[in-house]
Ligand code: AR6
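Before any questions on how it binds or moves, here is one chain, the form predicted alone, in structure tokens.
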């Protein structure tokens, strides 16, 4: 069964899902944006567990418990910093989505919430990032997502949601 793809505007830390994906930095010890919000909402136990993971490379993903979040798990992935597009940013961003969904499969997550990875302080253009996100998730799901029933793209702003909505509609029409 192919997972349902949906779109949500709001705070990823409030979603009642099996796993949320954190757009983390390589230390996994918290930061700004989505990362900071997830760490604040999960509580101090999250950073304690993250210390045991010894960081994460760009394009990779690691799993922790969700602690005080409604989500049971947090999948931490480190997106690339946008440097104009000639430094493997596209491949690394796609890897973030592939690796995050692979970790979700490993933990048996049925519902997964994904933020717009690398689109905040890392400066990845939202139009390009959203296209990579949607096409990579569709590719992974088509290849066989055994446990995942729904993937939710979560945007903090209405403007970002509009970009994802246009891409999802174009994809649905094809």
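Treat the numbers as computed from the prediction; the structure is a model and nothing was measured. Numbering follows the first chain given and starts at 1.
Below: the form predicted together with this ligand, not depicted.
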> Residues in which of 131 to 139, 110 to 118, 66 to 74, 51 to 59 have heavy atoms within 4.5 Å of this ligand in the model of the complex?
Replying inline: 110 to 118
>> Although the partner isn't part of this model, could you tell me whether residue 25 comes within 4.5 Å of this ligand in the model of the complex, counting any heavy atom of the residue?
In response: yes
> Taking heavy atoms and a 4.5 Å cut-off, does residue 19 contact this ligand in the model of the complex?
Replying inline: no
> Does this ligand come within 4.5 Å of any heavy atom of residue 154 in the model of the complex?
Replying inline: yes
> Looking at the partner-bound form in the model of the complex, is residue 144 within 4.5 Å of this ligand by any heavy atom?
Replying inline: no
>> Residue by residue through 59 to 74, which ones have a non-hydrogen atom no more than 4.5 angstroms from this ligand in the model of the complex?
In response: none
